[in-house]
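Presented as structure tokens, the chain that follows is alone, the form predicted on its own.
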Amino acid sequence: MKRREVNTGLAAAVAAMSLPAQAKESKAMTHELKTGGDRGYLRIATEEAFATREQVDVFLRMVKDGTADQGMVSLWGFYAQSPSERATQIMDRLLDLGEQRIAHMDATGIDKAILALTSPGVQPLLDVEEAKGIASRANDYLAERCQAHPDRFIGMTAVAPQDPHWSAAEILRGAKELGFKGVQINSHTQGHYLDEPQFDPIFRALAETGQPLYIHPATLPDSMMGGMIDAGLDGAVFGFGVETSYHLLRLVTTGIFDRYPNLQIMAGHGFEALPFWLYRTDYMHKAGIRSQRYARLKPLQHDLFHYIRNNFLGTTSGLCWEPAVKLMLDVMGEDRVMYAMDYPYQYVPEEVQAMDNLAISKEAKKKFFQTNAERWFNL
């Protein structure tokens, strides 16, 4: 596919997904997007999704046979069945780990993509053996595509937390045999969260490999859904961030980093808004501990400011907007914020240009686009 054809095909999407007013002001500073480091850095996109046909077919089966929860029906009932341009385009791109994806990377100046099995992975599957088989085969497929394009694709391991011991073994296989550089878990697993003790084998495996855990959003469990779907707010527009930030706070406030002080946990979308809330969250967390109001909250070795600057890592997937990115940099530190595109769900060339034009130092920008990813993913 020629670059001109790719850019032409993007025109409608770009027009429909226009940038905020502040970002539009940078349009006068637009430039051609090229790979190869012509601006002094490579661009490594750190939260990019793919799917397998087997995975999507199981989602469809669950939607049709009534075993899917409300969020999965809302999300995959749309993407896997709707004839709309957005749904069909995204499905086509999710299933491609070859020429089309690389052409899209070339067209937007993305040198490398860190790839993970699209949310919710295999976590909603009720048949645990089926879930493990699909995850294992997806990992094999991703490893093959990374080997075919070693300069462009980097993989993260998919697991089935329904079986924590199997997931721990798969993390080790991904790291030691498949060449993967991290692990992605799509938030809750059928309403269960990683702070629950049965999931500790997963953290032991992460500690053994030294790899980061990327906690990606999933649709809300039925117990949290309320009126979100009726309001049109259940997915990436709002619900994803609510559920994933809840998960992240459960982990830190129950002492995961005191038990595993070298653990690094990543999250996207402006670190799911937690930098904005940090002062109040830290204050009220300390107040809750002092008052002994909640039996579950025990004193931690550090405050929440420490953990967000030492154990958490944030990416800009879906939130390529200068005010938000600068807040992340201020709160988390310039060594802990990384660029991500969120392909194919949000593929907007103008957002790449807006990030190129960030009003930060050259050194900070190279960290943002390149060297932080190289460090934390051990590239």
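What you are looking at is a predicted structure, and each value in this text was computed from that prediction instead of being measured. We number the residues from 1 along the sequence you see.
Absent from the display: the form predicted in complex with a small molecule. The rest refers to it.
Chemist: Within 4.5 Å of the small molecule in the predicted complex, heavy atoms considered, which of 188, 112, 104, 269?
Modeler: Selected residue: 269.
Chemist: Quick one: of 236, 80, 242, 263, which gets a non-hydrogen atom within 4.5 angstroms of the small molecule in the predicted complex?
Modeler: Result of the distance check: 236.
Chemist: Does the small molecule come within 4.5 Å of any heavy atom of residue 41 in the predicted complex?
Modeler: The answer is no: residue 41 has no heavy atom within 4.5 Å of the small molecule.
Chemist: In the predicted complex, does residue 118 come within 4.5 Å of the small molecule, counting heavy atoms only?
Modeler: Close contact exists here: in the predicted complex, residue 118 approaches the small molecule to within 4.5 Å, heavy atoms only.
Chemist: Using a 4.5 Å heavy atom cut-off, state whether residue 347 contacts the small molecule in the predicted complex.
Modeler: Flag for residue 347 set to no.
Chemist: Heavy atom to heavy atom, is residue 351 within 4.5 Å of the small molecule in the predicted complex?
Modeler: So residue 351 does not count as contacting the small molecule.
Chemist: Spell it out for me: taking the small molecule in the predicted complex, does every residue among 181, 334 and 375 have a heavy atom no farther than 4.5 Å from it?
Modeler: Contact check failed for every one of 181, 334 and 375.
Chemist: Can you say which of 302 to 310, 152 to 160, 289 to 297, 71 to 79 gets within 4.5 Å of the small molecule in the predicted complex, counting heavy atoms only?
Modeler: Among the candidates, contact is made by 71 to 79.
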